[in-house]
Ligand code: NAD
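There is one chain below, alone, in structure tokens, taken in the form predicted alone.
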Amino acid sequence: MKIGFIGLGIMGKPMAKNLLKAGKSLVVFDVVGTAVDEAAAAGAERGASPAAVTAASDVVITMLPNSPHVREVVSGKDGIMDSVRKGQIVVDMSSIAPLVSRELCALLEGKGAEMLDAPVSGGQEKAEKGTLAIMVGGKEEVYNKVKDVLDLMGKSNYVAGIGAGQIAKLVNQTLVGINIAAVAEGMSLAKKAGVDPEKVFNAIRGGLAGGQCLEDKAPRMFEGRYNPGFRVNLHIKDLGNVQETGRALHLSMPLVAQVMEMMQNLAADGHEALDHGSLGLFYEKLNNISLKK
């Protein structure tokens, strides 16, 4: 099986490298030439365009920033639709709007191809380690054909029909954003009250408040260590998709709106490229405190 991989950014590049390390044959494309050079040095073939990658592949994986980029790669000039063939599988691992996944799936099915939406969670660190959480929407029988490939990049779980993977990702990003904000707010309370936030962290981490967000993000706040695992600007993009989907469903999501405001404030202060754990900086500014030990 030859795999096409389109999109070699902060997430896509390590995912593609993990497929190469597992012995898979890859042909790749990205608009950034140096990313393609790096993948080629690791053993991948170069594709001149998304159409060329598709023509040379059995399965095509896309990992792109947002809905417009995926739409352009699938249906734009020299896109996947120009060379996709009957029975071919396209797996979009980008985080985009669920309605766009359904729209593009319909286009591909019109050519006899299949599509899965399979967004991921875990950030750059887990992409590099091959331990991403992968949420899959589409036909279950199609998922079963590529499950082994997906599981080389993380742990995949089938959710439901097309778009369901994206819905699961939006739920994930909702919970992650709110939880990080709650960690920052709680630790701000400890600091303002004159109690060492790190000691509070150690006291509560084994109880119901414990969890991955607390474990990953509280230490970053105490150290002022906000190098990106998952950038603020990407979480803003995801929350925008949450809000767009919520509006379409007439769903009230006031906590998402509040966290979006916090992240927009961080971006306005020039912190859009920092880790989303930098919500700690928002609370430091708001309360005139420092969470650093």
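Computed from a prediction, not measured in an experiment: that's the story for all the values here. Throughout, we count residues from 1 along the sequence that is shown.
We do not show the form predicted together with the named molecule, though everything after this point is about it.
Chemist: Does residue 124 reach the named molecule in the model of the complex, with heavy atoms at most 4.5 Å apart?
Modeler: Although the named molecule is absent here, residue 124 would touch it in the model of the complex, with heavy atoms inside 4.5 Å.
Chemist: Do residue 3 and the named molecule share at least one heavy atom pair within 4.5 Å in the model of the complex?
Modeler: Looking in the model of the complex, residue contacts with the named molecule do not include residue 3, since no heavy atom lies within 4.5 Å.
Chemist: Answer for residue 104 alone: is it within 4.5 Å of the named molecule in the model of the complex, judged on heavy atom distances?
Modeler: Residue 104: no contact with the named molecule in the model of the complex.
Chemist: Do residue 29 and the named molecule come within 4.5 Å of each other in the model of the complex, heavy atoms counted?
Modeler: Heavy-atom contact with the named molecule at 4.5 Å: present for residue 29.
Chemist: Counting only heavy atoms and a 4.5 Å cutoff, which of 210-218, 142-150, 69-77, 185-193 contacts the named molecule in the model of the complex?
Modeler: Only one stretch qualifies here: 69-77.
Chemist: Tell me, which of 234, 39, 262, 59 has a heavy atom within 4.5 angstroms of the named molecule in the model of the complex?
Modeler: Only one listed residue qualifies here, and that residue is 234.
Chemist: Within 4.5 Å of the named molecule in the model of the complex, counting any non-hydrogen atom, which residues from 4-23 show up?
Modeler: Residues within 4.5 Å: 6, 7, 8, 9, 10, 11, 12.
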